[in-house]
Each structure stands twice: as C-alpha cells, then as structure tokens.
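Before any questions on how it binds or moves, here is one chain, the form predicted alone, in structure tokens.
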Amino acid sequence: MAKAKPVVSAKTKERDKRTLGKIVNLADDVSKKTLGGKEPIFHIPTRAKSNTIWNKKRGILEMGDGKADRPLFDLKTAKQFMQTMLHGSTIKDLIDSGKTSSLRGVFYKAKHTVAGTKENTFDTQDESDPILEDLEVTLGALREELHIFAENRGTLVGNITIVDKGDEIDARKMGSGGWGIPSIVEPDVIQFKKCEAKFVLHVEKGTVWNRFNEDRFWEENNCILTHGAGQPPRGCRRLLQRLNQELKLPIICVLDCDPWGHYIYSVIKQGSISLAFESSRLAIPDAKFLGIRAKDYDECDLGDAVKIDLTENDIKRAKEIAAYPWFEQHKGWQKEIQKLLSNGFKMEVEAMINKGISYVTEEYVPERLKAKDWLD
C-alpha cells in the first residue's frame, strides 16, 4: 500500500524555493571564486553584544551591520568554512526531499572523519549548532525555513483550540501532561481556532506548571498556561508572541526571584543577544513580570526557610541586568533589583508552598492579577 504524501501548501513551496535559491547562490559564489582563482570568503553577521542594537522605539534588541570574514585559506577559519558548506549541503538535501531533521540529526549527518586524516568534520554538537545559526543569519532564513527543528521543550494547557499540522487539539482536555509545544510553530504548521482565554500565564518551570495545572488555574481564571522548562526555547517564545500579536492576549510571567528569572523575563520581553536577528518574531515588548518579587518575603510573610543566599556570581549578574538599557531607566526594575541585592537572598516560585500547597495558585497570583501588581 502506497504511503500518503504530506500535503504541502503553495506558501510553503514558495518559501522552500526561495531558501533553496539562497543556498544554491551561496554555493555558486564559492565555485565561481574558486574557478576564477579567487579565495572564497563567507561574510557572517556577528552575533555578539558588540553588534547588538537596542531599538527603544520598538522595544526590542536588533542585530547591527557588523560582519566577520570566514575565508577558506586561513587556518583559523578553514574548518568552519568547510563545516558551513557541509551544513548547507544537508539543508539542500532536506528541502529537496521535503523532510526535516533535528539539530542532533544534522550534526550526525555532517559528522565524519576526513579521508586520509584522523580529523573529524565535527567533534561535538556544540560545534555544529553555531554553524547552523551562522547559516540562518547569512542566508536571512529562519530555522524552520532550513527544515531544522530543535527538541521540544515547553507545555501548554488552557482555553484554546489549536490545529497542529491538520490535527485539532483541544487544550482544555490535555490531562496532567498538557500539549507539548513544538519547535516549529509558524502559521503554516500551527493555527489558532476557538479561544476564550483572556491572557497567558507563563511560568518558569514544569514543576510549577504542574501545580497550576493540577489546581485548574487556567480554568478558574480563564487563561492559557505555559512553561518553557527554564529559559524558553524559540518555539515557546514564538508561540507566546503569536498569541500576543494575533489574539491580543497579554503575556504575564511568574518566574523565580533571582538574576536568572530576571534574565528569562528580559529575553521574553526584548529578545536575546545571540538571537537578536530573530527578535522581530520572538520578542514581546509588553510582556509583564508578576513575580516572584523581592518584596514578597515581607508582604507574604514567608519564613526563613525560603531564603537562598546570593552568590558572588548572582550579585555580579544582577548588576549587569540592572545596567541593561531597557532596565536602566526603569524605576520599578531598579527598585526590584536593588531590593534583591539588599535582601541578600533569592527565592524560587516554589517558595510560596511555605504558605500552603496551593497558595501561589489560589491567593498570590489571583490577588496580584486583580491589583495589576506587576513590572513591565
């Protein structure tokens, strides 16, 4: 019995055609220069703080015009040049075949020992992933346009119906596990249908999400509940942005009271340095930080057991975050970070269990939402 072929939309076909054209042009340029006796060179946009611009008007981080040369005939860059070509070839094969691969799969596809040597094309995936990001920015193509996906991380439940590759998902009936947020959530893959939710509550970790889901917080408060397993991956951030922009749902975050929680919020809101080239499709400038706040130790009458002493690295990181342009001029955030430092300790969301197993879901968050007591 013949296998049914996946349905590919005209929009997807056109997108693949454009991406394939960019890859072929890149390879053609290398061939022409080589045959013409010139050294092939890639000009890779720089993904670093020095090439990151804070667009205050848009409220997001953007990539500047800085580029780094990657010549073939230079011992410092020759291997990276070859690795770039290998991944370009793999991406072409994926598009030609209409298939996708994981980041791990692309790594293994390109990994082999160079003939006549003991040198591997790639030793670890930590070498491979940055090369793929280099290709993204060089080609001006998104990861999904390269037919590459990352491991799914993050979960959703709540008052919305989602269509995932043609399958209708009722997020109100996802049991204790929820719907796993995929790596690729573009409109040609994920569509939104019926949605009664008034906002999205994004929590930092799966353990906290479990408490909110078990207590049916999303049902009691008419919302969508998500988590990103710590620092949310692209798929989760992109989905949150789409929910915000397309359905006009506020994104409200409940994260740990520590520099890491503050950084996660910053990335959700403004974007990140390493992915500044994707901020326009990932950042959510009007996202709000509900808690956990440094003032909560006193206001919620928490016990000493919830305190976790700040380390030297925590203190250094907090000061760095306070100096971010989007926090530097924000009186509320300056007060928040200074309070954290003066306390001398940090707190996790789970600390609220000190007040009761469901205190965070039944009292803390509902009361803060009603009072609109958040930082933005």
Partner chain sequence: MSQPALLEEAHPASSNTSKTMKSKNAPRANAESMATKQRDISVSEFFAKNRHLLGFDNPRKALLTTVKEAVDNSLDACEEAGILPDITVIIEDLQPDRPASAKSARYRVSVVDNGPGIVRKQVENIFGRLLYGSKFHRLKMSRGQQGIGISAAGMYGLITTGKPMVIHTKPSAKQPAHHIELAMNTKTNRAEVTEDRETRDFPPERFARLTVGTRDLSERGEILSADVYPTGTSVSIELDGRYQKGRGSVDEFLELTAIANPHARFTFVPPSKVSEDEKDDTPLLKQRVSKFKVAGEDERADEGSSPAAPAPRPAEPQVTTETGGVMIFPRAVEDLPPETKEIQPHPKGIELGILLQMLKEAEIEKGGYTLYNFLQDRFSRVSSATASNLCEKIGKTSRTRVADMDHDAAERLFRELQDSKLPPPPTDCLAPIGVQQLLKGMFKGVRAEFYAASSREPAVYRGRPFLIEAAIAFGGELPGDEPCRVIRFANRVPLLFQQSACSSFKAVIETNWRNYDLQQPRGAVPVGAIVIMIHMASVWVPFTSESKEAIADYDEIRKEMKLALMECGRKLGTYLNKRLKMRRESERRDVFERYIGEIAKACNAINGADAKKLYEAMLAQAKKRTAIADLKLDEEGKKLKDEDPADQDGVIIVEQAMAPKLGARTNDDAPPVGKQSKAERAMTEVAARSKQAEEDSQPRLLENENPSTRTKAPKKSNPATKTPKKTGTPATPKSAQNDVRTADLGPASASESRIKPKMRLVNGKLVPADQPGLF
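This is a predicted model, so every value here is computed, not measured. Positions refer to the first chain, counted from 1.
If you look for the form predicted together with its partner chain, you will not find it shown, but the lines that follow are about it.
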Using a 4.5 Å heavy atom cut-off, indicate which stretch of 55 to 63, 39 to 47, 343 to 351, 316 to 324 touches its partner chain in the predicted bound form. 39 to 47
Has each of Val30, Leu35 and Lys79 got a heavy atom lying within 4.5 angstroms of its partner chain in the predicted bound form? yes
May I ask you to choose, among Leu72, Leu302, Leu103, Ile273, the residue with a heavy atom within 4.5 Å of its partner chain in the predicted bound form? Leu72
Please pick, from Thr207, Ser176, Asn222, Thr117, the one residue with any non-hydrogen atom lying within 4.5 angstroms of its partner chain in the predicted bound form. Thr117
Within 4.5 Å, heavy atoms only: does Leu86 come near its partner chain in the predicted bound form? yes
Residue contact check: Ile357 to its partner chain in the predicted bound form, 4.5 Å heavy atom: no
Given that the partner is absent here, does Lys92 sit within 4.5 Å of its partner chain in the predicted bound form, heavy atoms only? yes
Does Ile23 reach its partner chain in the predicted bound form if we count a contact as any heavy atom within 4.5 Å? yes
